[in-house]
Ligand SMILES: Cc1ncc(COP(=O)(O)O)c(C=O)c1O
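Single chain ahead, written as structure tokens, the form predicted alone.
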């Protein structure tokens, strides 16, 4: 599929410029059809759905996520959220006396807060700072990671700054010191071409509800094969080979980190979004998102907006962040003019995706200009 064909699947594009894919994916006609099929199944024959459809969507979603991110299906666990996936990874890391964990200043709270709880509260927390150029430099990671570092936790693309991290290089630095790498991929999976095997990261957690064009309550955790022998701190029927309570044998793949019944309605909603991306070359998606974000950044700067996301495409992707003292009022003005964005405090954010085009960005820029006037 190409961007025009994908755009035609989304009814919202007929009336609005939806520019918040980094927060919540809109609904396509394929999603509507899938939801109707699922609800009809529940309404007319839920017993048949339980017997014949319980695992189908989950298996399909797991397979397509693996295809989109360059890993194997048995390395993917279905979880509830990016945060829950990251927490599973944290629990697999043994606390070490005198150890430390490394973040950066752009780290998402759910990647930092759990390390303040048992059994990891005794670890020293180190933060790598961005320089004046807005870049978190790899040399600064090298300075912070040592033989006592147990883990490095970073976002692939940060949600506040829109900064894209070179996770392959970070993994090389961390592994050279014996540290594991845990990546929050909520703002990258579905927005760019990813080969998790090539990156060498140990864990990668992401939600379906954003760039993967899926539902809230569904997420994916990549666990590299070399960690499949690690034992989770929790277990359920989905974690094991047998339903017999006298036969405890954990599955020998990433599914050992799953507990029980997944979000069936969410999986039914997530499947069409993954299918759309699978039918599209992810390099095309990435280039489309970079081109649109670059066009938006240039236009916003011309209007005097303080864009904080880096100009260089090597350090950005789809998230465009700016500072504005009246961010809430700007969001409200744009929303009333059929342009959907996001704000938090003085942060104003724009997230174009594959179903957007330059007309949407022009609507954004026109709306910003009228707000300024």
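All figures in this text were calculated on a predicted structure; none of them were measured in a lab. Numbering follows the first chain given and starts at 1.
From this point on, the text means the form predicted together with the named molecule, which you will not see here.
- The named molecule is not shown here, and in the predicted complex it never comes within 4.5 Å of any heavy atom of residue 277.
- Within 4.5 Å of any heavy atom of the named molecule in the predicted complex lies no heavy atom of residue 189.
- The shortest heavy atom separation between residue 157 and the named molecule in the predicted complex is within 4.5 Å.
- When contacts are judged by a 4.5 Å heavy atom cut-off, residue 352 does not count as touching the named molecule in the predicted complex.
- Contact annotation: the named molecule lies within 4.5 Å of heavy atoms from the stretch 77-85 in the predicted complex, the single such stretch among 91-99, 77-85, 240-248, 257-265.
- Only one of the listed residues (108, 103, 141, 115) places a non-hydrogen atom within 4.5 angstroms of the named molecule in the predicted complex, and that residue is 108.
- Checked against the named molecule in the predicted complex, the residues 71, 209, 173, 151 give one hit for a heavy atom within 4.5 Å, which is 209.
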